[in-house]
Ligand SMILES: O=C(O)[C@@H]1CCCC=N1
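In the form predicted on its own, a lone chain appears below as structure tokens.
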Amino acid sequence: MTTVCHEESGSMSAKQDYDCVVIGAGVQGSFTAYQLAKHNKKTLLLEQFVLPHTRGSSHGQTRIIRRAYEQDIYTQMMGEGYQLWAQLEKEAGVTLYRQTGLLVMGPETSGDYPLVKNTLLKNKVPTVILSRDNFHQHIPNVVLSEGHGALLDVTGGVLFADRALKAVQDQFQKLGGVIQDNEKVTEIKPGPVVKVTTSGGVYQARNVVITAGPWTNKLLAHTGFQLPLETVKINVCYWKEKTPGTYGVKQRFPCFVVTGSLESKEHIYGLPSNEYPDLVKICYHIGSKTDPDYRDLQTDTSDIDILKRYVSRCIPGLVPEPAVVESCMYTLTPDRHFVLDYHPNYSNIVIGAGFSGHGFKFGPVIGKLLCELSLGEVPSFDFSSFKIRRFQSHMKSAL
């Protein structure tokens, strides 16, 4: 599918020309490439590992999809997000979303819970407020902590992550897009035409989009720029049901988020048993700092200790010891909001980064926005909250 333009003198590599090169084939990069191909742009999607892989932030069978957020911008973005997910389902002919509802629990008058409640009601998202009296009728196998409120974001549910990633990559290729996996980027040379050198070839493009997750700053170093990003390793824990099916999808058990608890101020989240029979996925929404190339050397389990205490106290139908522990990574910004912006020195390099452990569900919307930025179009929504300039004070210390 690629065309050889000319041989570099003294080099075995042939330069290959594209309208756009997207670096990083996780959910954000894959949707960006797919959108560019939809706009008839000759697009290359580069991935350093052999696909599919479990080394980054987009793997695994499931993610939560929700409109329950503290900030209007995310709730509003997900209004379009659901439509775009449905569009991909239709195009690919596969099921990518199961509606289970999302249960949100937390201190009723402080922290994030009242903010989520207000945002849902203000944006007219279908929401059921549960009282302490009727909570156990609807959610019989969970203990609602004293002083906590509970609500159900009716639109919430499960995204089938691995299946979604394959679906969007397949659609990208059907549109004529090219995926090169097992090619690590070794150099990015900015200019009116950007030259991207990898372990497998040399590519040129008028536009480049960097969506490299935990490896973002390693790539940006080639351009003389760094973002204030921190990579953490997440222990993805699965907990065995004492009675099989108690917390299952078939029992209509919802996904859930706890915005604060006796055990921690950080969020705890869970998904019903489905992907592994009789195992419920419950995780702590933060981890310990790691180098993405040496992720498995990070062996901190303090988060698992917190989860054990929470499960023991609030989810009595589960064995309070994880049966399976897998690994994922979050790439955090200081404010936990995304970076979607032009490179400050090169307007033909666009950056999507810092998805801070809550970006997967936004993949279709972020792909659309990064495509619009790359094409120089007016963005379809206000992305001022995600601009790099908000980090000016952080970047002085990061450089």
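Start at 1 and count along the sequence shown; that's the residue number. Remember, it's a predicted structure, so these values are computed and weren't measured experimentally.
Keep in mind the form predicted in complex with the named molecule is missing from the figure; the text below concerns it.
Undergrad: Quick check on this chain: which one of Leu152, Val257, Val194, Val125 has a heavy atom within 4.5 Å of the named molecule in the model of the complex?
TA: It is Val257.
Undergrad: Test of understanding: in the model of the complex, would Lys41 fall inside 4.5 Å of the named molecule by heavy atoms?
TA: It does not: once the named molecule is placed as it appears in the model of the complex, Lys41 has no heavy atom within 4.5 Å of it.
Undergrad: Please determine whether Ile64 contacts the named molecule in the model of the complex, using a 4.5 Å cut-off between heavy atoms.
TA: The answer is yes: Ile64 has a heavy atom within 4.5 Å of the named molecule.
Undergrad: Is Lys240 near the named molecule? Define near as a heavy atom within 4.5 Å, in the model of the complex.
TA: Although the named molecule is absent here, Lys240 would stay clear of it in the model of the complex, with no heavy atoms inside 4.5 Å.
Undergrad: State yes or no: in the model of the complex, is some non-hydrogen atom of Tyr113 no more than 4.5 angstroms from a non-hydrogen atom of the named molecule?
TA: Residue-level check for Tyr113: no, no contact with the named molecule.
Undergrad: Check for me whether the named molecule, as it appears in the model of the complex, comes within 4.5 angstroms of all of Gly81, Tyr97 and Phe160 - heavy atoms only.
TA: Verified in the model of the complex; spot residues all out of contact, no.
Undergrad: Can you name the residues of 354-383 that have a non-hydrogen atom within 4.5 angstroms of the named molecule in the model of the complex?
TA: If the 4.5 Å heavy-atom criterion is applied to the named molecule in the model of the complex, 354-383 yields Gly357, His358, Lys361.
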